[in-house]
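Here you get one chain, nothing else, as structure tokens; it is the form predicted alone.
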Amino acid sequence: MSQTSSPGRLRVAIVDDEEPARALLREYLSAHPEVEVVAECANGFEAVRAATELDIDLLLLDVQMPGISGFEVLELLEHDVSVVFVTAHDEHALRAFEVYAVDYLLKPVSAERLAQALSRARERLGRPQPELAAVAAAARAEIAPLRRVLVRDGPQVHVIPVEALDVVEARDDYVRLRSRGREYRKQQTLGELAAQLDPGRFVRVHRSFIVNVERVARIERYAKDSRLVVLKDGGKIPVSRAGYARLRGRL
């Protein structure tokens, strides 16, 4: 968790794509001398950058935003931070609160409810927070299969449509994604990502590889009991026996 400058003090970032909503939260927060607003973000990309570059204790995070959602912002963060979700939709708020959030605020936000949320956030200072990747998966507004994969590279966020994803490879504690001739590193296990991808489009052909069946040119035998997937770009991927059976049913 981020370290605050003094006990009970909160460094807060406001994240909402609507300027009036940010202005209202900023006005309410001005009544709390223990709160320092260190960033205002108009979208999820700005939120990821702020959380990467600044020492933030608490995100006041809108759920529905253009670009990337509040839940997707959590997926991209790599350090502990408390979150109060702000939303106009009850079902999103309840899901968010159940899986992680310090609190949730339904729009239009009142000064009294914000004060309660800040109190809860102060109580959590210094306590261990749930792992953000697991939280993001549980809170995801979009039900699998995924339509896009988000990858964080420092403060930059890459959005990869699943139809542009060629191969996913397991590498230690992360996966390597290949898309349109580029490679990306994502802090996630192959099994976690496999569970979120469309099984009609993506097949786990090996314990270390998932392949987009639309990228498969052919399957070659290179030893008695061994096969390779040859991709349309010429790349070759090993295929296990179980992977071959799964892939054969898709081609």
Partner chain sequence: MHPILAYRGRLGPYLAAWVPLGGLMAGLLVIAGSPWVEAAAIAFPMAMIYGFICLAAWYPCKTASPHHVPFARVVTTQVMAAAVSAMLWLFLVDTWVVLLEQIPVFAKATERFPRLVPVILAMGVVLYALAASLHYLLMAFEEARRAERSALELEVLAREAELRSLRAQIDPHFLFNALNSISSLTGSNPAAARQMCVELAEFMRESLRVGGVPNIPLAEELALTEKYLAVERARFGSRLQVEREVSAEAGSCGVPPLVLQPLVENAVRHGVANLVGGGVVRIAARRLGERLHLTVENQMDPEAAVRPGEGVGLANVRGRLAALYGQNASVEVRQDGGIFRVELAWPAVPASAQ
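Residue numbers count along the first chain shown, from 1. If you're wondering where the values come from, they're calculated on a predicted model, not measured in any experiment.
We do not show the form predicted in complex with its partner chain, though everything after this point is about it.
A.B. asks: I need to confirm a contact call. Of Arg171, Arg124, Lys107, Arg113, which residue comes within 4.5 Å of its partner chain in the model of the complex, counting heavy atoms only?
C.D. replies: Looking at the other structure, the residue within range turns out to be Lys107.
A.B. asks: Find out whether any non-hydrogen atom of Asp225 is located within 4.5 angstroms of its partner chain in the model of the complex, and reply yes or no.
C.D. replies: Result no; Asp225 lies far from its partner chain in the model of the complex.
A.B. asks: How about Pro66: is it within 4.5 Å of its partner chain in the model of the complex, going by heavy atoms?
C.D. replies: Within the cut-off, so yes.
A.B. asks: Give a yes/no on whether Asp153 approaches its partner chain to within 4.5 Å in the model of the complex, heavy atoms considered.
C.D. replies: Contact with its partner chain, no.
A.B. asks: So in the model of the complex, does Glu72 come within 4.5 Å of its partner chain, heavy atom to heavy atom?
C.D. replies: It does: once its partner chain is placed as it appears in the model of the complex, Glu72 has a heavy atom within 4.5 Å of it.
A.B. asks: Candidate spot Val38, Glu78 and Gly181, all three in 4.5 Å heavy atom range of its partner chain in the model of the complex?
C.D. replies: No: none of Val38, Glu78 and Gly181 comes within 4.5 Å of its partner chain in the model of the complex.
A.B. asks: Heavy atoms, 4.5 Å, its partner chain in the model of the complex: which of 22-30, 52-60, 182-190, 205-213 makes the cut? Say which one.
C.D. replies: Single hit among the candidates: 22-30.
A.B. asks: Could you list which residues of 39-58 come within 4.5 Å of its partner chain in the model of the complex, counting heavy atoms only?
C.D. replies: Asn43, Phe45 sit within 4.5 Å of the partner.
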